[in-house]
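Just one chain follows, in the form predicted alone, and it is written as structure tokens.
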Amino acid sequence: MLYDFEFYNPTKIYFGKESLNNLKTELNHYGKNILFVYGGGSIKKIGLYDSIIKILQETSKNVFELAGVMPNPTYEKMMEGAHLIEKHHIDFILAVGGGSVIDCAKGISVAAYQKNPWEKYWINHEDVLHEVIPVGSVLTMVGTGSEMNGGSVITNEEKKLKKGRVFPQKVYPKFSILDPKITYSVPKYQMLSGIFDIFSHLMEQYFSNQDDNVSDDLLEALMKSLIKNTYKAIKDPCNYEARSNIEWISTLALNGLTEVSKTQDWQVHSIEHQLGAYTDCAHGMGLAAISVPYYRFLLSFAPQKFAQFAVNVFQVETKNRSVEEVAKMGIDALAKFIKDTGMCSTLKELNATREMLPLIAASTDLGGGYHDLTQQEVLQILESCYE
């Protein structure tokens, strides 16, 4: 059943091959001073940087740049952007990149003009009562869903903490431009990392209660479609059908639609965030390594739901098999998907050391799902997927 809920998402999406043409119109709604936020040199290599600069010039904007946002954006980098906001009286932030760049831009929009934003917003999760600098995005890599939500994951390198939070709707991007062709240049490793991030978002909403809930039907359909299109994209990275489907699944997976009336379980993400704080690994690959042992551990707490996952997502046969057997086969199928696609399945592949594991476990935020993990159980899960 569905419990009472409220749903609203304020982000406008422009999707398709010519969607960048809408940027000029959107920029005309905002002031003169623009902070252009992006990552490494990839947008310059593919010509996107030049296209963006041309549009900014055509709209007579004063452009200030924050380059070099890293895959796990740091608090230091975010604050560099916040200082630019204050110094140049920025009216609008344009984030061009993957989810990390957009996460960083949202963090900048909140942190500008504030004292101790790390403690206020990422540790204490205080409400954002002040006005924020509006953000818009041009997406270059799919996975996080940050283009249509209020999420912002930031790593405090000094404190060895990677923390995420979901900001209120006024922090959501005002618009996001999604052209699947732009994602063609993403290396296979990063493409697969983004794909498993999507898969994890879907699973962590799905494995949260056992009600007959239409949100679960949506989640199962999206997981099936993601699996099918992943194999197509591996075979042909320029398959527009596959890449466009994956991009839209990524957005739907975390824009609030699929979480309606769900309790949700984000413990895999919590563990991976601390793994990332210690290793700076690709987020989705860390999730891939952790998910199978985590769900094997969780299976006994909700065998019926895991059996449903096995049948409806991976088409596991149920004849002459117990619920527990079917449930286990579903996790085996997930492990096979990870292996067959070339995703990471061990922490050792991600440059984790055994000495890190107790530190990761001790600093992981706990709680959620069918069973609230203890720090000892987190350590047990980490040790089981080390190599």
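Note that residue numbering follows the sequence shown and begins at 1. The structure presented is a predicted model; accordingly, all values stated were derived computationally and were not measured.
Keep in mind that the form predicted in complex with a small molecule is missing from the display, and what follows is about it.
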* With the cut-off set at 4.5 Å between non-hydrogen atoms, does residue 27 touch the small molecule in the predicted complex? -> no
* Using 4.5 Å between non-hydrogen atoms, is residue 146 touching the small molecule in the predicted complex? -> yes
* To do: Check whether residue 173 has any heavy atom within 4.5 Å of a heavy atom of the small molecule in the predicted complex, and answer yes or no.
  => no
* **is_contact(residue 94, the small molecule) in the predicted complex, heavy atom dist at most 4.5 Å** => no
* Asked: So which stretch, 99 to 107, 210 to 218, 119 to 127, 223 to 231, is the one near the small molecule in the predicted complex (non-hydrogen atoms, 4.5 Å)?
  -> 99 to 107
* Structure fact -> Of 72, 251, 274, 267, the only residue with a heavy atom within 4.5 Å of the small molecule in the predicted complex is 72
* **the small molecule: the contacting residue among 47, 342, 31, 41 in the predicted complex [heavy atom, 4.5 Å]** => 41
